[in-house]
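Next up: just one chain, as structure tokens, the form predicted on its own.
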Amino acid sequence: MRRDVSSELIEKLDVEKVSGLLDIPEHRITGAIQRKTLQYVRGKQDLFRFDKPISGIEAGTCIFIKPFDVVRGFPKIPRALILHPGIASHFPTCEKVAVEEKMNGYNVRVALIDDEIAGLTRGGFVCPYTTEKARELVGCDFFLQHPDLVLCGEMVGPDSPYVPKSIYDIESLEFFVFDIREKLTGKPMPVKTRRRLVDEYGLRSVRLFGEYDVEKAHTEIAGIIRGFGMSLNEGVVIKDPEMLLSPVKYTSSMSNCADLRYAFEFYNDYGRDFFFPRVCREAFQAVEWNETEDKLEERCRMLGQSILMPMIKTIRKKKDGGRITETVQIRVRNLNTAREFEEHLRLLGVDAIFEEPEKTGDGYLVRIHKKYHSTSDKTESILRGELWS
């Protein structure tokens, strides 16, 4: 008789050791494996990843099997919909708050695993493309002195397979550190200490706008957001300088609308989840900023365009017989990285077509067409006469 799959997976993990290190009862760990909340991922470095938070352990936390190692997930950052009095109520013990840029890319943790650098995505997967880029952009010097620390940052640029952006004058892809945490505990480093350490190793940090009195910070931050103007800079992260309290994020209207434009191009895959919270952000920001009727009309127009225009583009494209896809690109030094990344997307359930690599300098440019089947099928069925239910 075939053994239960979860029993086989439990045997792969030193449950007693994990229980002691993470302070989780053993039955919670085995139960999480059985419920597939703690998932086994086979790869060059076999690991278990927390798909959801459990007992104070963040989603995306990774437990590597051989050699045994743990990298805590990056905590979810709450969002301020209104700056005043939101900042004062969230940071009651702080005299000042540090305000850094929230860059428009994808969240990456870079850590040393078995004497090799690994690039971990927010969900807790070792991404081969991110790993290659981390090894190029970060190097080993930092981890030779600090093997038990994790560099948390944003991968930003046009050669991103997840969030391609061309708004920062970046040629390919860059890594900007916004946090340094202890690998096992997830304890963060104070802002000034972290920025000094990042500078010491010649790495890049996200932009620091300044430190502001808590009671006046809302005015300063509103000015920063307005200063973005029509650019697609995403927003800011507001931090306790000592990092004893959790940070808070706040985004710009242009960024909200850009998210909506993206989501509603693939409306049946992303649209519903993106819509409601972003509309709420727009409404609260408009009220807090006491906008004139003209400003409100402009905000409403931009919001409506961000929703309708990409949907119309998608419907027209499908009506004309086109495929509903998103085109992204990666730039690799080794073609094996592209092949491994294709397998990585398959693991994530992403259906994608990889074009033939194009030789460029000392590497290769690979264009990738991600298929969005739900939006494509839904659009096609409606165009054939199916009713919306």
Ligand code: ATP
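In case it trips you up, residue 1 is the first one in the sequence shown, and so on. Quick caveat: nothing in here was measured; it's all calculated off a predicted structure.
As for the form predicted in complex with this ligand, it is not shown, yet the points below apply to it.
Taken together, the three residues 172, 175 and 204 all stay farther than 4.5 Å from this ligand in the predicted complex, as judged by their closest heavy atom. A residue is said to contact a partner when one of its heavy atoms sits within 4.5 Å of a partner heavy atom; residue 234 meets this definition for this ligand in the predicted complex.
Using a 4.5 angstroms limit between non-hydrogen atoms, residue 103 touches this ligand in the predicted complex. Using a 4.5 angstroms threshold between heavy atoms, residue 77 counts as touching this ligand in the predicted complex. None of the heavy atoms of residue 299 is located within 4.5 Å of this ligand in the predicted complex.
Proximity to this ligand in the predicted complex, taken as a non-hydrogen atom within 4.5 angstroms, holds for one residue of 122, 146, 165, 261, which is 122. Note on contacts: among 249, 272, 216, 319, the single residue with a heavy atom within 4.5 Å of this ligand in the predicted complex is 249. Residues within 4.5 angstroms of this ligand in the predicted complex, judged by any non-hydrogen atom, belong to 68-76 and to none of the other stretches in 136-144, 109-117, 68-76, 300-308.
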